[in-house]
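Consider the single chain below, provided in structure tokens and representing the form predicted on its own.
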């Protein structure tokens, strides 16, 4: 246990020194700010039209934001987590695995009386701790952005919803961290260590959602995709096979329910959480099956 804690602390320190990881962190926080800026722009435009309408009519009209959810202005953060957040988790995971093998630290650590599972668990916890820092920063940026846009702080319920959203985002990103770690600790070549998980990331993020919701070609661009409408048997089969394992679609739907976004077909999100949890647990199980032999494989440039 002490060895695992030591590895976690070391991994967090190295992540802060990793230029690529810090660069992706800056990009992710920048996209979070961009999401708030887009929300502010939409809010400002609609309110300007509303105020002009009130002046022209000379009487009060219903405020378009009176019934809108407070978190709607940061809706695009959902997509940024699916895209930038997942990519960040993959890259940090790969770098964490490759870094120790390239420097010879892995062989040195495994020469000590430490179990492979303890080593793998320490690496994963360190990477996920870094992802927790990233998401906590994004949470703070989102909360402050909503406050500035709406000119009033979020209430307890909305703040709790935002916290739950980012907590589930942490679970959503865990399989991507594991995927990067597995590639970084098992690949024989440093180039393929990054290329292989990136291809899988593309499949999970783009291909599987489109196969599972092929009836709606723009589903990837929407936080909450609309329901399928086609009766084609091919699309129905795709939906039945791929939709249950499309964790990006589950995450987007679950996030829409948590943020109380409009036009959601179903408000049930227990199944989404169950799907994310099962995928995360399965990925961790695969990582813990890593053997000492695979960790000692030579790494070629």
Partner chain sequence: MRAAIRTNGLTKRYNGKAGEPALADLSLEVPEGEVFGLLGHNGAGKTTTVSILTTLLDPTAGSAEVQGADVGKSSAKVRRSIGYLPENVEFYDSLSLEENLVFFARLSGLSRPRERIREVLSFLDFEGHEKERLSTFSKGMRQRVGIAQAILHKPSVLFLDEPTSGLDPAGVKLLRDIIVRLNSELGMTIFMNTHLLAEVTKTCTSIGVLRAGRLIYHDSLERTLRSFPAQDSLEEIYLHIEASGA
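Residue numbers count along the first chain shown, from 1. Since the model is a prediction, treat every value here as computed from it, not as a measurement.
The protein also exists as the form predicted together with its partner chain; that form is not presented, and the subsequent description refers to it.
Residues placing heavy atoms within 4.5 Å of its partner chain in the model of the complex fall in a single listed stretch, namely 109-117, out of 150-158, 171-179, 136-144, 109-117. At the 4.5 Å threshold, heavy atoms of residue 288 stay clear of its partner chain in the model of the complex, well away from it. When its partner chain is considered in the model of the complex, residue 163 lies well away from it, no heavy atom lying within 4.5 Å. Using a 4.5 angstroms limit between non-hydrogen atoms, residue 277 is distant from its partner chain in the model of the complex. Its partner chain in the model of the complex comes within 4.5 Å of no heavy atom belonging to residue 281. Along 75-92, not one residue places a heavy atom within 4.5 Å of its partner chain in the model of the complex.
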